[in-house]
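Next up: just one chain, as structure tokens, the form predicted alone.
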């Protein structure tokens, strides 16, 4: 198993810096028993200038607040407070290229009654590429994304990810690298922890919002497409549409941008180095480390910042 902490690791727990080995939670907690918690996955990077920068921190912590509100969870911190706490955790753990996990969880409560309090923790650790560093073989999962009328799809809730775990384990058990889930109408939706784009005839296509998590990296890719003059269409697409594509890729905070080699028994015909996805991958990599001299990435960053404050 991966080691996320050691005897020196510290985390932030409701305003206090605590050693990871000494942190405690209640075994009667509603979050442990029912998956009633919300979280974010965030990345920080060592930028080209040598500084440590969290990528899109405001967007992530604002979404954490919205997720808590969607699940009726008490929430008492501002995004600015949590961003400052995150930088403190990174500094104290001597981390630059890191994965950051804030989570808001409930107290002891074996009923379904509303809570009057919740707790917030921020953890960070080094993480290798989440889906590896080679092209992926992806299979259509037998699991579907839950009907959005059954839960708050826009919330990044812990319990929702049981669906993701089952789909990913199924795919890996069958020799694939990852799964692709469809929605309740049979249209392609997303991966267990990432959104999908595919290329055909010089255009990119991606599932529209409604039955998917509105990913922050997905929004960044759309902005990069605008900057790079790559046409992109959001809509409803079938597995058959995907099996006729020239290429495909996942995108997400943990996954970043990673291409596919095959989907089920279909091998994508376009070499990855010649795909629109590879252009997006390079632009995204330049953007997150604030690489100097990359005009397109710098312009995209300005546009993304403007869109975030609009």
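It should be emphasised that the depicted structure is a prediction, and the values quoted were computed from it without experimental measurement. Positions refer to the first chain, counted from 1.
Beyond the structure shown, there is the form predicted together with a small molecule, which is absent from this document and is the topic of what follows.
By the 4.5 Å heavy atom rule, the three marked residues 13, 53 and 85 all fail to count as contacting the small molecule in the predicted complex. Contact check for residue 218: a heavy atom falls within 4.5 Å of the small molecule in the predicted complex. Although the partner is absent here, residue 194 is a contact residue: one of its heavy atoms lies within 4.5 angstroms of the small molecule in the predicted complex. In the predicted complex, the small molecule lies within 4.5 Å of some heavy atom of residue 213. In the predicted complex, none of the heavy atoms of residue 270 sits within 4.5 Å of a heavy atom of the small molecule. Comment: the small molecule is not present in this chain, but in the predicted complex one of 30, 282, 253, 275 has a heavy atom within 4.5 Å of it, namely 253. Stretch 194-202 is the contacting one of 71-79, 194-202, 135-143, 223-231, since its residues have non-hydrogen atoms within 4.5 Å of the small molecule in the predicted complex.
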